[in-house]
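Below, in structure tokens: the form predicted on its own, a single chain.
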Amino acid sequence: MNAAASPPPRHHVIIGNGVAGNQAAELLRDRDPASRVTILTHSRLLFYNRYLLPGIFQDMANWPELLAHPPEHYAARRIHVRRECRVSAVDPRNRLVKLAHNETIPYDTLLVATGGRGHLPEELAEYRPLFHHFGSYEAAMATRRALPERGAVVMLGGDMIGLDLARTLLAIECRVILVTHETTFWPHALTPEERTNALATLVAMGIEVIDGDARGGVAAVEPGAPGLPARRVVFHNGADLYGDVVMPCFGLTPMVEFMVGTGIDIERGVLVSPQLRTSDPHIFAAGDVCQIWSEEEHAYRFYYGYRNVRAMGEVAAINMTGGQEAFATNRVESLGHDAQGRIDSSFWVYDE
């Protein structure tokens, strides 16, 4: 009698090439050695830590310096990274990921770890071509090339991603002008007193703080005039200011468009249990793209920052391979001061 045929290896597919997706891929390989592990990414680059991008404005300008692992690492670990792949849809019923070039990829388990893109308020959308960004290596390099030595950066909003960059810009003697918005210090939720104190700390650090509400908000962004910096920001009260680059820093919007129509529960992000399971038993989500149910708050909420995102990748991999681990939703997320009296955030910790 012939022995029963061995089942085919399971295929774990990860959409997203950030901290959560790569942490999950490494642990999936350890926990399920016989499996296939595939990462799908729209990027041309292998995984690099986006928390290190401020270094581009100092002495880290070559992309290989940012890579977490050389290409040989993925081959040795049998982790297949498909670059420059845009996911157009997911078919949960048939367990297929559909790519924009009409290829389909079957999966046994799927992890959505696409993260978020920089949010831009609707009233500023028409000025998109005049903004500079910081969400990827390519965007950061374009901003670096546009910024002259000791140039001026106008930062609209001032989320913690932008303020992390601001620290580096000050260190290289650039001028940083912050136009405040309700998203200043996002994702920290501050009391009015805490916000006032934190803004005073930014001023003490050397950041020029402009009250956006007092000026009626931003009315327009325009090219600069001859002999003046490259960008002009106009406010509703008629005031204006100039900078070499203007950067929108209004927080993140989860990248979930390809999940619309799947039947998976979505609010702003993909809704998951503390085990990072979606409403489909074969699909998980981790990182900035998902909202996790919190028993303490009796609500779904986002958890940001390197430590949280990395932990989500680990929890997702454990549970994609049969575990029942829960993500700790009682994490303290603090905004304070370092020994020099500068702003310090728990979201800036990425070296543990």
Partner chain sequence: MTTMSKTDIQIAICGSAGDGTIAAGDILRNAVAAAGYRVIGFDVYPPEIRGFGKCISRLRISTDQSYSLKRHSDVLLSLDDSQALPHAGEVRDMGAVIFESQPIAPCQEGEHMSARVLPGQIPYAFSMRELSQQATGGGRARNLVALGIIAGLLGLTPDPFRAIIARKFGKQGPEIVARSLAGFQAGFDGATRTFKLDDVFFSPPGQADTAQRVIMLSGNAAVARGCLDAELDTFFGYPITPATSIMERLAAELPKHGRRLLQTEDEIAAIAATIGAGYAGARAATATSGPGLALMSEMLGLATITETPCVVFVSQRGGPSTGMPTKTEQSDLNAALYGSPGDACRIVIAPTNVEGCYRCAGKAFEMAERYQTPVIVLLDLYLSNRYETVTLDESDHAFVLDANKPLPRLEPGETYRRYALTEDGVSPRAVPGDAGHMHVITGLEHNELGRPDDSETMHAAMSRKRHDKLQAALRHPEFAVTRRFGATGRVKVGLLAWGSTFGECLEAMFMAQAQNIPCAALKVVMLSPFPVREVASFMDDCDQVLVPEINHEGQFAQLVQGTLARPVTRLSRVPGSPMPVELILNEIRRLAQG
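Numbering follows the first chain given and starts at 1. Since we're looking at a predicted model, the values are computed, not measured.
Below, we refer to the form predicted together with its partner chain, which is not included among the displayed structures.
Chemist: Please tell me which of E84, E123, E194, E173 lies within 4.5 Å of its partner chain in the predicted bound form, judged by heavy atoms.
Modeler: None of the others qualify; the residue that does is E84.
Chemist: Name the single residue among M141, A220, V209, A230 that comes within 4.5 Å of its partner chain in the predicted bound form, judging by heavy atoms.
Modeler: Answer to the contact question: M141.
Chemist: Which among 299-307, 63-71, 286-294, 315-323 is in contact with its partner chain in the predicted bound form, heavy atoms within 4.5 angstroms?
Modeler: Every other range fails; the passing one is 63-71.
Chemist: So in the predicted bound form, is its partner chain close enough to E103 to count as touching (4.5 Å, heavy atoms)?
Modeler: Heavy-atom contact with its partner chain at 4.5 Å: present for E103.
Chemist: Can you tell me whether L52 touches its partner chain? I mean in the predicted bound form, with a 4.5 angstroms heavy atom cut-off.
Modeler: L52 lies outside the contact set for its partner chain.
Chemist: Please determine whether R36 contacts its partner chain in the predicted bound form, using a 4.5 Å cut-off between heavy atoms.
Modeler: Yes.
Chemist: Mark H80 yes when one of its heavy atoms lies within 4.5 Å of a heavy atom of its partner chain in the predicted bound form, and no otherwise.
Modeler: Looking in the predicted bound form, residue contacts with its partner chain include H80, since a heavy atom lies within 4.5 Å.
Chemist: Going through 142-160 from first to last, which residues have a non-hydrogen atom within 4.5 Å of its partner chain in the predicted bound form?
Modeler: If the 4.5 Å heavy-atom criterion is applied to its partner chain in the predicted bound form, 142-160 yields only R145.
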